[in-house]
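The data below hold one chain only, encoded as structure tokens and taken in the form predicted alone.
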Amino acid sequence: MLFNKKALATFVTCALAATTSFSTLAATTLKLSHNQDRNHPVHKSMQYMADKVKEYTDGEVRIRIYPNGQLGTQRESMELLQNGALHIAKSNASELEAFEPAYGAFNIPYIFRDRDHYYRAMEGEVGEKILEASYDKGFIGLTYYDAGARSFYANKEIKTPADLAGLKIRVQPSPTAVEMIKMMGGSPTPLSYGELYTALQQGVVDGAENNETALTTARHGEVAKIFSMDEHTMIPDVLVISSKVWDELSADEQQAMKKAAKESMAFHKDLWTEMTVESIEKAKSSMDVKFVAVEKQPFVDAVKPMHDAALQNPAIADYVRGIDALVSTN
């Protein structure tokens, strides 16, 4: 059954009210929406956080998780959160750019040199400032979850930008992602993730860009047999909470929430590493996916104007400089 946005908001509001009314006097129950299944590392990491929040608040704050997009898509969840019909949601920096420009800093291709640089940014002052930047937009970030490095997959090798010529590449609905594909020479095609398998199968798009786990969890390895490891972006998932809900928590509850969220990010790091290794092995052995090494410099050169432009963009320039400053000199 399909709902329009107004109907969906009404449904979610009623559902949340029905499950919270009886427990209001005993505890604060916060509803968290995300679009992954219960076996995904991000769900397990959020469950870890929920358990810690309950522990650190002596049961006064509890988080109930709704996986598999039960309460709407990521974008719908963000809209519900902004209008007060939802408490917490998992999105990612790519989609959040449309709600808060600061997240665009994470979306710039090749802004991160490696995974260590990526974590220094997420765990450091610049990452925290980005999480806090959206307070006036109706939400703030609690923590980041590693979503790996995004590379191209299709039924041909993509080893240079020239290989993208004439190819329709699915991207997330992010202005930065669209611009990146254009500068690399491809044709960007924003498309819902849930529609991508069929789009690849039917040739609506020629390829996509994501991390290795998409090959197995979404079965994209069945319809795209070559994964070209250019690792153009490292875009984190982001856990966000309604500003209104945040303000209603006591200072101690806020501290407990942030502590639990930070610990869940560290918990997630190990889970993500394990899942990535398992996904690569499964894609190779069960799906006959070929993994291709890529010389990154031609791709870096193709999108360098995006980095230069970001340094002139007042909405994200300070964040970009902060991330650049964290590059290791070792």
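Just so it is clear, the structure is predicted and the values come from calculations on it, not from any experiment. In this text, residue numbers run from 1 along the sequence as written.
Not on display, but discussed next: the form predicted in complex with alpha-D-glucopyranuronic acid (GCU).
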property: Touches alpha-D-glucopyranuronic acid (GCU) in the model of the complex: residue 174 (any heavy atom, 4.5 Å); result: no
property: Residue 279, heavy atom within 4.5 angstroms of alpha-D-glucopyranuronic acid (GCU) in the model of the complex; result: no
property: Proximity of residue 74 to alpha-D-glucopyranuronic acid (GCU) in the model of the complex, heavy atoms at 4.5 Å; result: yes
property: alpha-D-glucopyranuronic acid (GCU) contact at residue 28 in the model of the complex, heavy atom, 4.5 Å; result: no
property: Answer range among 248 to 256, 114 to 122, 85 to 93, 135 to 143 for contact with alpha-D-glucopyranuronic acid (GCU), defined in the model of the complex as heavy atoms within 4.5 Å; result: 85 to 93
property: Position in contact with alpha-D-glucopyranuronic acid (GCU) when the complex is considered in the model of the complex, options 242, 216, 228, 210, heavy atoms within 4.5 Å; result: 210
property: Triplet 36, 150 and 170 all within 4.5 Å of alpha-D-glucopyranuronic acid (GCU) in the model of the complex via a heavy atom; result: yes
property: Stretch 230 to 246 - residues with a heavy atom within 4.5 Å of alpha-D-glucopyranuronic acid (GCU) in the model of the complex; result: 237
